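This document starts with one chain, in the form predicted on its own, laid out as structure tokens.
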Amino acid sequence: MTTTAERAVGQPIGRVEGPDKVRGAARYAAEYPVGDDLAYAWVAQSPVARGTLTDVTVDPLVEADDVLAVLWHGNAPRLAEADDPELAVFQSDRISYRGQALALVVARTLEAARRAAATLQLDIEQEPHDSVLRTDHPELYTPEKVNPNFPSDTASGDVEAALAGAPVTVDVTYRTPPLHNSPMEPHATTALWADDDLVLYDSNQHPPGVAASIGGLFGLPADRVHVITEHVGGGFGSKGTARPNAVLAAMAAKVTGRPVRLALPRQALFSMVGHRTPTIQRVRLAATADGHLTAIDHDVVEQSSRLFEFAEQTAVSTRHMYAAANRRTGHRLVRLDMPTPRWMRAPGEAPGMVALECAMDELAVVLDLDPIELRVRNEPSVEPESGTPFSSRHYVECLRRGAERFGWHDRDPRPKQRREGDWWIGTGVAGATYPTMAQPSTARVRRLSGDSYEVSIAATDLGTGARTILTQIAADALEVPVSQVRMRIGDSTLPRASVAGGSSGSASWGWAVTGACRSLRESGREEATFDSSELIKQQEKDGKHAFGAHFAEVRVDAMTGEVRVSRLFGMYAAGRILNPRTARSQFLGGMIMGMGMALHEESVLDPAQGTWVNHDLAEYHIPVHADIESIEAEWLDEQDDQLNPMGSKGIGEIGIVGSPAAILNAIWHATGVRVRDLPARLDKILPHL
């Protein structure tokens, strides 16, 4: 039995699956051995953005001996109606976006499938398309809700009157481009049918959800679809639900009677699995002469597809950050002939806080007030819109302690004051927030021989360390060493878990694991199961957030406009940190992704073709090792007993929230140039130096 001093939670324990990954023994979706008759599939994608597919012709001379099947809407099996229209592959002749799956070649070898797919003749009746987001689009509308279930618009007070009567105002528009998830492991599925049951080795963030979705399409209950997701090489939201690759692999395996493997190529990830919507955000702030906000107005224009409405919650974070008597937030959406946006790390908060935190920096300049002091003066005592008390909120402490750690107080507030050789140097700050969530989950624990225990839950480890953290949580709840706990996850046949998303995994699964382990220990039984649903239903949802502050130092080359981030620092208040080693990795990963958002990442649209022209990692730029000079993360020792049994808040996403704004604000401080259209490329800076 462990003592309090020996508790596992809070210790920097190495990843329990680390040795398997280093040895290559950890299997991913496209690596499972399923027999010598394995077939391979390749997707033929639409070359147009809108139209009708009338016929598919196969060249009989190409790979005739190797091709097993060519599927398209003219011969594919009929599926049940899908809640997500993008899963209804080959069920219609309609083409809704460029890159949509139109046909699938199944062959004995991957090479044969790829060559045959390239030679397919797709007879298409092309139609005019619309792919450009703009604020004057005639089809703009207000959605009923934004992801996942927030009201689209909120309002209180009289914003227009406050703006008209304020001595100081800011009215700015920020634009963020389309951004794409591109996890190291592409979306992949290996499918096989065992009699009338379906087995999927699939890379996803929610095995039970995928089992239910795919089962529904094929007329199967979820318990007859076995989804195995033992290891995942990243997801960032794009694998949060079933994607077309899983449907196509299952369909091909059904038709051919063989196991089928489908791994999407990198370029297909830019069209078939979701992306972050571009945004056009207008932020208006009104303040007194001493820096107290009297009005906040945040209006967002974004896009979705013709197939499926996905409205990103871009302005929602503004509802929680600062006090102001008069407030308004809203979202407007237009559905274009483009792929459907989906979840991408910190959906809503990441782009929304760019506009808000840069606008706050611009207001601080107009007021001639330190940007940290401006934020402190507008710290709310309760939720600004609902009036709900915060369970805990240490945002000001993050700002104060982060500033001390970063060396903020010697900063000259005037722009373009510090130069070393060819480099202008500046610093910037921005706030961060992310909601604390827990979702119902169930866990089971069994007593094994030799004083060991098996803990099971259908959770997913995306590479974040979930398997390790759950092992630590279980060990403490059982009061045994970590070495006596065997954790089983990544399998839809295990007790149902919530999705690995929304920074909710550890809280949701840990709650269930804690309950099951305590029940077994206290009862003395050989097995115990715990469902957290009722306890989570009783929780107040509002007023629970993680907070943080980001600080950035940049150098901007006076001759070329090149931007280098010389220092990036984050200070967080994110509840109890369950494992400092994995937590630091998550914070840094988010901050680096935020750097990419600020300086590198941009999906470039060709309006004439309705497609992204830089749909690979050769031209879609992301940060690399050489871009990361000094990056550090620290956190407060925050105790919050209103959250869950562990007191954790979730850390996977808050690292990206605010870090782009801190970098943009630092660029202004270095150069006097405001970049309001991300990313901050040198061509947007150099002409103004």
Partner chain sequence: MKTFTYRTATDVAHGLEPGATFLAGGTNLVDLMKLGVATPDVLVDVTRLGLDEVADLPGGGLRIGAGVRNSDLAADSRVRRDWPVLSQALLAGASGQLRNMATTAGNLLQRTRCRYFMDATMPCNKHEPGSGCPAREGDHRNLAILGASEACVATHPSDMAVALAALDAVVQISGPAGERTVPVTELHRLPGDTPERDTVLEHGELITAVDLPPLGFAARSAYRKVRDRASYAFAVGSVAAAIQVDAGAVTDVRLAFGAVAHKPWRAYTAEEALRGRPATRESFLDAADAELTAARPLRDNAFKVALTRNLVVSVLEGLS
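All figures in this text were calculated on a predicted structure; none of them were measured in a lab. Residue numbers count along the first chain shown, from 1.
The form predicted in complex with the partner chain exists for this protein as well; it is not shown, and the discussion that follows is about that form.
A heavy atom within 4.5 Å of the partner chain in the predicted complex is found for one listed residue only; from Arg447, Arg581, Arg224, Arg564, this is Arg564.
This chain lacks the partner; the member of Ala194, Ala618, Met184, Ala289 within 4.5 angstroms of the partner chain in the predicted complex by a non-hydrogen atom is Ala618. The shortest heavy atom separation between Asn614 and the partner chain in the predicted complex is within 4.5 Å.
In the predicted complex, the partner chain lies farther than 4.5 Å from every heavy atom of Glu454. In the predicted complex, the partner chain sits beyond 4.5 Å of every heavy atom of Val34.
Using a 4.5 angstroms threshold between heavy atoms, Ala8 stays clear of the partner chain in the predicted complex. Proximity to the partner chain in the predicted complex, taken as heavy atoms within 4.5 Å, picks out 556 to 564 from the listed stretches 275 to 283, 556 to 564, 71 to 79, 335 to 343. For the partner-free chain shown, just Arg98 of 92 to 106 comes within 4.5 angstroms of the partner chain in the predicted complex, judged by any non-hydrogen atom.
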